[in-house]
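Only one chain is given next, in structure tokens, and it is the form predicted alone.
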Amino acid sequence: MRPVPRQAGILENLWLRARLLARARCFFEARGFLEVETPCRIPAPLPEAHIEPVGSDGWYLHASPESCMKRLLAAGAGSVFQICRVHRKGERGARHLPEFTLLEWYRPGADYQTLMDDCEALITGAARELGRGIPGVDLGLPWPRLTVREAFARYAPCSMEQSLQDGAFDRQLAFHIEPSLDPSRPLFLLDYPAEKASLARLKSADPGFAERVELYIGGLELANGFSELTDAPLQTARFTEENRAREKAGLPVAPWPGRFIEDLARMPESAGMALGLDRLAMLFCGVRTIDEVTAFVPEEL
């Protein structure tokens, strides 16, 4: 007798996931965003030291639609959003898949403060629409906000500055700070040090920090957003440093995203956020693994 397929036990979760994706589309359409589709196969991923792209016949499957979406901003597209599958090599675990679903949106004329407002409205609105909250989480507004420096002072065994000097920032964040965050309340962790700015612009009043924010709910890192950097020479320098870090770690140097850099100079001041929809579905379904909200996982193919 053949075993019952795993999918038969998660159909209710898949229905809720589908309603959640539909709600996300309605949210952005109601606010005048243009839904876009960009290629999932690109010649040059944006260089990142800690994300390994998946090769595809000499090109790469995108880890995020960021580069093409920002080029649309530079072309005058206005506010845009996209729901798409993305790929990251070697990511597999209870909370990770090598192929997963990302919601990404960009707002011209906005900053990371607006992104936090978007997240609050999107997720609390989804809770009302679905007729259910996130088990064990109080979604009451406003959601707490904590700076990275404050988080290190509160939860880490060393200061933020010391962790950067020792090359231990990411380790302290993963093993001391994230496990200490209150899972019963959503939390925005913001104002990352300039060394961890990624594609975020620096704070004009305090250039030692970047306008970068991450959202945590129920112990899950759910979203990552920036007030976007539009300084092409500075972004060039950052990408060069990321490639140096990759080379030092014995990883292939990423191809140069020349067209992205060219268009970046024309991009308006804006803000953008990437949110993991699989993890958001996990939260609303009250499950502990990403497999429980995924129709097929790699081991079943």
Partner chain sequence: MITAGDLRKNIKIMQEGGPYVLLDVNFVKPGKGQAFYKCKMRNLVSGQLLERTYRSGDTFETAALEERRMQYSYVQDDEYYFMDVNSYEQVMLTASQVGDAKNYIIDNLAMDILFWDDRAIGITLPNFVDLIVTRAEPWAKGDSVAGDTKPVTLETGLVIQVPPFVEEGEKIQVDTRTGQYVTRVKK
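Numbering follows the first chain given and starts at 1. Predicted model only: the values in this text are computed from it and were never measured.
Missing here is the form predicted in complex with its partner chain; even so, the following discussion is about that form.
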Just one of Glu99, Asp111, Glu120, Glu178 has a heavy atom within 4.5 angstroms of its partner chain in the predicted complex, so which one?
-> Glu178
The listed residue (Arg88, Arg71, Arg149, Lys203) that reaches within 4.5 Å of its partner chain in the predicted complex by any heavy atom is Arg88
Even though its partner chain is not shown here, does it sit in the predicted complex so that Arg92, Leu173 and Leu199 each have a heavy atom within 4.5 Å?
-> yes
Even though its partner chain is not shown here, does Arg107 get within 4.5 Å of it in the predicted complex, heavy atoms only?
-> no
With heavy atoms only and a cut-off of 4.5 Å, decide whether Ile51 touches its partner chain in the predicted complex.
-> yes
Does at least one non-hydrogen atom of Thr124 fall within 4.5 angstroms of its partner chain in the predicted complex?
-> no
Asn224, heavy atom within 4.5 angstroms of its partner chain in the predicted complex = yes
Which one of these stretches, 153-161, 216-224, 140-148, 126-134, sits within 4.5 Å of its partner chain in the predicted complex when only heavy atoms are counted?
-> 216-224
